[in-house]
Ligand SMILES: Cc1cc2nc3c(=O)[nH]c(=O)nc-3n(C[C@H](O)[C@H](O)[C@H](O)COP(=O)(O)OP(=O)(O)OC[C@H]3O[C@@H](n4cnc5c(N)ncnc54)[C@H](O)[C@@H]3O)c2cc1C
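The chain below stands alone, shown as structure tokens; this is the form predicted alone.
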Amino acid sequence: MDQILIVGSGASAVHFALTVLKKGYEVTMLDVGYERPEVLCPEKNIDELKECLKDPVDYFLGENFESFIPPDYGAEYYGFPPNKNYVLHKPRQFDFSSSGFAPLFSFAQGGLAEVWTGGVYALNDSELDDFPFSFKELLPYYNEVAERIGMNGAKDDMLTFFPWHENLMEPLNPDYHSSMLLSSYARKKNYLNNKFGFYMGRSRVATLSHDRNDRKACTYSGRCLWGCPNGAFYTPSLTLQECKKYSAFKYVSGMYVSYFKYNKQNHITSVMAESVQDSTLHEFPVNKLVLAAGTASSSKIFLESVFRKTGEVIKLTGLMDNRQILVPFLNLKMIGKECKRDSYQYHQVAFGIKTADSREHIHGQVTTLKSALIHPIIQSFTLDLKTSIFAFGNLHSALGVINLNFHDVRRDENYISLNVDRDFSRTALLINYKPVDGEKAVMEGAMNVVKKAFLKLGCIVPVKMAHIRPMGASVHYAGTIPMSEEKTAFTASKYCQSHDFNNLYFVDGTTFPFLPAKQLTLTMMANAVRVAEEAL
């Protein structure tokens, strides 16, 4: 069988690789591949971990206190754990500039999904309307991915927003705060549905609620934010380890892929990669090339390849990302109650808001505050430190954060291109993004619904404390080389095969022609399996 060369080791890359390995292909995967640090004291829960560690301050805040968020009302509500800094580390060969966009990149084994929060939501037919396939066609691959990674969910009111598929485990045990929100919703749902088009239910998350194969179920250790210690929470590096069990799989780390070479027939002949360690250039022959480095990085490799061959700097238009709003809330019924950290730490509750166009429905997730770093919240209190700590002690169990997501569409003013230096020896990624007209009104309308709906649930939502995250912060990038039935430049076929290069495939978000208000990782993985099964 043909040999396949894959660039990247993220969620879609590893599931594509595993699928073709099962079919008997030989696979080489090129990756920078920064590795996850050793898991410390895996048998300990979050409180026991503090006693086990040699230097708890270094672990939780970082050697240089890099996870400390200074007082700033525009800051995030979560500090980034120091032991996950490796995920965002960039090699010296990579550079970028951006306007209106605050991108995140990962060159780690497993990619950015090594630090995701595990939301796994299938797209429905309305959201797939611009895709050259339907939910029914994608369903077998949703089922397959769910079986591979371990997902849990419930048949509840959120079926209005994401369809059901097979191989879902029963939901995790909810924390008390999440249970109270769901109970309040059950009593008020008819009013909330009819008045606001507001629906609530359980999140679907990529976490084991019972043992599967050699992975243990969630132990509710409270360590989710710092990295699941026992593998219950899915990350792509788990599938990468599975791929490594195949003799036909070759994983080459420490390689920064910069461009591919192609002949006059637009057939790719090789890939050029620099050693991260010493910058030596390596050439890898290509039979079939699969770009799965993430939309921005895959686009950069494509652009660099054209530039090296022709000297032309092109634009790949249609870049999309989900706008996100984070806003804290206070559940009045939970004030003064004990905060228990022995629970799953990420979102356990999801909600949706219907709009006139079903493709534009708004999707949200609710994370009740448990063991996350608390100083970003305490510093927002307009009190002295001692009083703020006292107040927080009584409010801790009542606090939570709402994450609100909005859809995006392809527009020509949003693009990825290259910056080229004066002597044409080096290039850097260039990203430009401009929000759609009327975005502010849409966000204000959604926040108004959230405020009123949560008030009905017994919660106060201080909308003035809402943090509108910059574009790029959600890392749901997509759309620069969209799937298209027409064979036009800078598009791909139904099977994500490039219309420009006959042996090139994309299996990340690059080919998505539309971006609903959802986490897109599950669909990227399912689509990667679909391409591997049907196109090869």
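Residue positions are given as counts along the sequence shown, with the first one as 1. A quick note: this is a predicted structure, and the numbers were derived from the prediction, not measured.
One more form of this protein should be noted, the form predicted together with this ligand, which is absent from this view; the next part is about it.
(request) Go through Leu181, Leu319, Ala350, Ala113 and name the one with a heavy atom inside 4.5 Å of this ligand in the predicted bound form. (result) Checked against the cut-off, the match is Ala113.
(message) Only one of Thr368, Asn152, Ser297, Asn414 gets a heavy atom within 4.5 Å of this ligand in the predicted bound form. Which one?
(response) Contact check passes for Ser297.
(message) Based on heavy atom distances of 4.5 Å or less, which listed stretch (25-33, 493-501, 479-487, 47-55) is in contact with this ligand in the predicted bound form?
(response) Among the listed stretches, the partner-contacting one is 25-33.
(request) Report whether the minimum heavy atom distance between Ala532 and this ligand in the predicted bound form is within 4.5 Å. (result) So Ala532 does not count as contacting this ligand.
(message) When the contact criterion is heavy atoms within 4.5 Å, does Val7 count as touching this ligand in the predicted bound form?
(response) Close contact exists here: in the predicted bound form, Val7 approaches this ligand to within 4.5 Å, heavy atoms only.
(message) Would you classify Ala517 as touching this ligand in the predicted bound form, given a 4.5 Å non-hydrogen atom cut-off?
(response) Although this ligand is absent here, Ala517 would stay clear of it in the predicted bound form, with no heavy atoms inside 4.5 Å.
(message) Is Thr117 part of the interface with this ligand in the predicted bound form - any heavy atom within 4.5 Å?
(response) Result yes; Thr117 sits at the interface with this ligand in the predicted bound form.
(request) Assess the spot marked by Tyr199, Ile402 and Val449: is this ligand within 4.5 Å of a heavy atom from every one of these residues in the predicted bound form? (result) Not a single listed residue reaches this ligand in the predicted bound form, so no.
(message) Do any residues of 275-294 have a non-hydrogen atom within 4.5 angstroms of this ligand in the predicted bound form? If so, which ones, in sequence order?
(response) Counting only heavy atoms within 4.5 Å of this ligand in the predicted bound form, the contacting residues of 275-294 are Ala292, Ala293, Gly294.
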